[in-house]
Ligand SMILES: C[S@@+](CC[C@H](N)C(=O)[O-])C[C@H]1O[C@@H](n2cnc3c(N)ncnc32)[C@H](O)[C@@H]1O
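Take a look at this single chain, the form predicted on its own, given in structure tokens.
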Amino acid sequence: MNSMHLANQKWWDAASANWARGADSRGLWPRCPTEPELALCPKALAYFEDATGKRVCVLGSGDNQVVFALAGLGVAVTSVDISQKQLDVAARRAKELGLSISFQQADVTDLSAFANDAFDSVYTGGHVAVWVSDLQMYYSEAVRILRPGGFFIVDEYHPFRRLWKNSRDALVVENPYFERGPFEYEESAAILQPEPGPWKTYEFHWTVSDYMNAVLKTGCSLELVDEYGEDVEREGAPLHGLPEFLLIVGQKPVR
């Protein structure tokens, strides 16, 4: 694990309790096993129709809402995250929900815990790539553990939304679109009320073409590209009219 990923891991471990309290206040995670549409957009959810018994790996599982949704669909799901503390929270919640889930702590750029072709589908998304310094290694590892013919599903926060300063009245560029980073921040564990603190974190702002090219360079064919969502309620800038998420689905070639 490189030093930037290690710093991010330490911060997520420190912030996991606050993050869990935020998830509890939203109250979505207990509903995800029976309402998978809370965690997965319709076009991503369509790839898990008739998925009972299929092996699916979720990379950068975070609060595990997607994991719980897939488990509720009867999927044999493996949850992977860099933060053991996040996984511990998810394991407690899975037990409470009566879900059978495998948990594995790992950096998404090193999935050596898994064999080649181990999963029928691999899903990653939300806010994962922003913490990863090597997008190509991340996606190459994801496709390595995917069986031939399986789908690699990327459902990420849209890059157009990572550019702006906090401002309620106007869009003011803080980070130009083509500056990938790393962007270094000093953070406290109060993730729900960001303020300076003792932990350093590192972000990487990938472009739409970065995402698409990284999928293509794994050897996958592009099955679907979609931009969707318009919610701006929790944003720090007036982002009306900008897409919220970027969905890319690749299929690993059959040998």
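What you are looking at is a predicted structure, and each value in this text was computed from that prediction instead of being measured. The first residue of the shown sequence is 1; numbering continues from there.
There is also a form predicted together with the named molecule; it is not shown, and the following applies to it.
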query: Heavy atom contact within 4.5 Å of the named molecule in the model of the complex, the stretch among 121 to 129, 146 to 154, 95 to 103, 163 to 171; finding: 121 to 129
query: Answer option from V89, L73, V108, L135, heavy atom within 4.5 Å of the named molecule in the model of the complex; finding: V108
query: Residue contact check: P33 to the named molecule in the model of the complex, 4.5 Å heavy atom; finding: no
query: 4.5 Å heavy atom contact, H5 and the named molecule in the model of the complex; finding: yes
query: Close approach of S83 to the named molecule in the model of the complex, 4.5 Å, heavy atom; finding: yes
query: D63: touches the named molecule in the model of the complex, heavy atom cutoff 4.5 angstroms; finding: yes
query: Residues within stretch 27 to 45 having a non-hydrogen atom within 4.5 Å of the named molecule in the model of the complex; finding: none
